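The form predicted alone is given below as one chain in structure tokens.
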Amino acid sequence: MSRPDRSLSSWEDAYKSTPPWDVGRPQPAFVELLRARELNKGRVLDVGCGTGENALYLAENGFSVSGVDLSTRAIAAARAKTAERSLEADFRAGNALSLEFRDNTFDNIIDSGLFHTFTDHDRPAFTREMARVLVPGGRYFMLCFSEKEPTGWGGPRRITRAEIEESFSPLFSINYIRDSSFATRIHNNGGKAYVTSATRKRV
């Protein structure tokens, strides 16, 4: 997970230790997506991949995976895990608002806690970029904190169903927005979240 509304140095600092969102395993919501066979066959982009647990879980299960994160420390950790586990995955530092991939590259995108870090100003640019790198009919899966999560402990911005619909509907058909949980190192049973499935429109 990277938060582009903060400076690069702040994200590099976050990965000097283990940040709260880096739980050392894939998010249960994405494990369930695979079990339910919701991902399209083909290539997957993990946008805001952090140290790579979600991407590597998919790589273990036969997907061709790329991961992008703003933090070079996170990418270095993801590459080290890839080598340690004898897996194949492409991890690279980059900005989710301006990805270094060609149009129509990916069949799926997974987003674990990235969208909820963007400002209102950057959301349209983000959704355009996700649509650009997905094939027509490609699927975007997002896990974000919902407005049902209490704000007392701080943490990232909470997102409403209406905000998700408003942001993605111009370029995506929303398949569902479901209540879910976001595993962190500061929640006993996960933070209250939404998992969203959306399909890039064929335009």
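Just count from 1 along the sequence shown to find any residue number. In this text the structure is predicted, and so the values were computed from the model without any measurement.
The form predicted in complex with a small molecule exists for this protein as well; it is not shown, and the discussion that follows is about that form.
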Taking Gly50, Gly94 and Leu114 as a possible spot, do all three reach the small molecule in the predicted bound form with a heavy atom inside 4.5 Å? yes
Verify the contact flag for Tyr194: yes if a non-hydrogen atom of it lies within 4.5 Å of a non-hydrogen atom of the small molecule in the predicted bound form, no if not. no
If we define contact as a non-hydrogen atom of the residue within 4.5 angstroms of the partner, is Phe101 a contact of the small molecule in the predicted bound form? no
Going by a heavy atom distance of 4.5 Å, is Leu70 a contact of the small molecule in the predicted bound form? yes
Only one of these stretches, 41-49, 56-64, 132-140, 159-167, has heavy atoms within 4.5 Å of the small molecule in the predicted bound form; which one is it? 41-49
